[in-house]
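Read the single chain below, which is given as structure tokens and is the form predicted on its own.
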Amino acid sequence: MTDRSKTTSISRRSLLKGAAGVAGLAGSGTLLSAPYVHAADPKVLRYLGTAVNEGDEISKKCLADTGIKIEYITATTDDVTKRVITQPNSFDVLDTEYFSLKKLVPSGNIFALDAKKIKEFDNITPVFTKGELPSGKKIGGQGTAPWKVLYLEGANSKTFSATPTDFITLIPTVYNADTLGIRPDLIKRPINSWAELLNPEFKGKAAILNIPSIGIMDAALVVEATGQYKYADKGNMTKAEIDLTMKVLTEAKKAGQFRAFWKDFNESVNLMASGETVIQSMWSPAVTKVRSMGIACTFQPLKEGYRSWASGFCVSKAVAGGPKLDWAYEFVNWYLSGWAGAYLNRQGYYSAVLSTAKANMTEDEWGYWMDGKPAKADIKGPDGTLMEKAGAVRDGGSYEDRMGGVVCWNAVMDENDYMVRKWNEFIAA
């Protein structure tokens, strides 16, 4: 997805083990030397997340525009969840994925934000609010789709609302449609199905993502693609379905199919760039990073469709009622105002508010990233590095094609504890 082009320091969901630091301040030295001097007591927000939306350029721009200093606290997906549940006073703003909400909301440690205080809320793409594209086309909803967990029944409720309310679990920021990454120069034939991940042709050259709530969805897509089983809901398997899925993966592992089970963005890049793997679970900016090294790599559209993910912002209950809550609203409103959305669009993500992101991109950039058009000029990342040469077309084509092909979302299932245990047994075996 999940999880772009400060790509050497940005991973989706887990990761970034050095650039920001597990409890460090990404870009803190840069921020301290920034020219903004506004108040004796600076506005500081401790930002807990997995690096999906983080970046030094974002924090510097936020400081310049708002006077808010962002202190990044970067951790893996599982560690973010643990920290919210056990240390709610250790952060102010939380950046996390929607599938985590089934674990976080029952804790009572996150504070619902008021939709009326979010200036662009009514302009947030209906992917989040209705499960459809701006064109009205419905998209797949298996798994923890964001519209299922976007609303709470009340300000202090621990119950999701099936109908819209003003109490928002996570203010949407970014999302994407994920698929397999391949080395076309080494495979040398068309790839069009998730089933190829278990093709013995790629024995010892395949890899799968080792984050259970995400990896299990990739595995389910493979199982269906190979014709072994059709799930009623890939995102909410029964114990028997979990057992079946893990049996397929375990047999493949014993046969030597997998070179690695990666959790880190840079690990996925290194595996593909080195040729140790030729087909694997992958995230869009990782594919772009490999290409930037002059190595052929494709984020391959597959006939069965995409697995999707989505992230957003909320705050710790510890900031409720204090000045930091006001700063948090100011930060979120700034984030959705366009500059950050355009920055993230240039990494291969999609912004939650398309109109403001578009206003901060050139016509050619928008055409390449969103409309599936050939680039008229070289496409550059947020930091100015060359990402694609003129004439290139984005893998998978347009926003409508890619998001319209979504069939499922990263998920926390009813049998999540059982699934995670079985997944970890598979990895350890």
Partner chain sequence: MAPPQRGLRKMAVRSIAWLQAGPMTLVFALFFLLPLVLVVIVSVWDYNEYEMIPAFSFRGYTDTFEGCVAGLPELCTILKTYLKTLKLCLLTWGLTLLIGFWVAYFLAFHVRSKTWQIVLSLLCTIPFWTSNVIRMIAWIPLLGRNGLVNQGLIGAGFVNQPVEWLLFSEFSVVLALVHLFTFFMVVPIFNSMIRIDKRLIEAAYDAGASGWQTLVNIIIPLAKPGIVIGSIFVITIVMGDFVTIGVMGGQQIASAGKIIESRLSALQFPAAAANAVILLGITVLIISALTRIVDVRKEL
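Every value quoted in this text rests on a predicted model; they were computed, and no experiment measured them. Positions refer to the first chain, counted from 1.
In what follows, reference is made to the form predicted in complex with the partner chain, a form of this protein that is not presented.
Between the partner chain and the residues Lys358, Lys317, Lys253, Lys117, the one pair within 4.5 Å by heavy atoms in the model of the complex involves Lys253. Shown without its partner, this chain lists Lys82, Lys303, Lys247, Lys130 as candidates; in the model of the complex, only Lys82 has a non-hydrogen atom within 4.5 angstroms of the partner chain. Residue contact with the partner chain in the model of the complex: Glu267 places a heavy atom within 4.5 Å of it. Mapping the unseen interface onto this chain, Asn236 falls outside it, with no heavy atom inside 4.5 Å of the partner chain in the model of the complex. Looking at Ala260, you'd find a heavy atom of it within 4.5 angstroms of the partner chain in the model of the complex.
Although the partner is absent here, Ser90 is not a contact residue: none of its heavy atoms lies within 4.5 angstroms of the partner chain in the model of the complex.
Contact with the partner chain in the model of the complex, judged as any non-hydrogen atom within 4.5 angstroms, is confined among 199-207, 90-98, 163-171, 319-327 to 199-207. No residue in the set Asp56, Gly215 and Thr226 has a non-hydrogen atom no more than 4.5 Å from the partner chain in the model of the complex.
Contact annotation for 264-286: residues with any non-hydrogen atom within 4.5 angstroms of the partner chain in the model of the complex are Glu267, Leu271, Ser274, Gly275, Glu276, Thr277, listed in sequence order.
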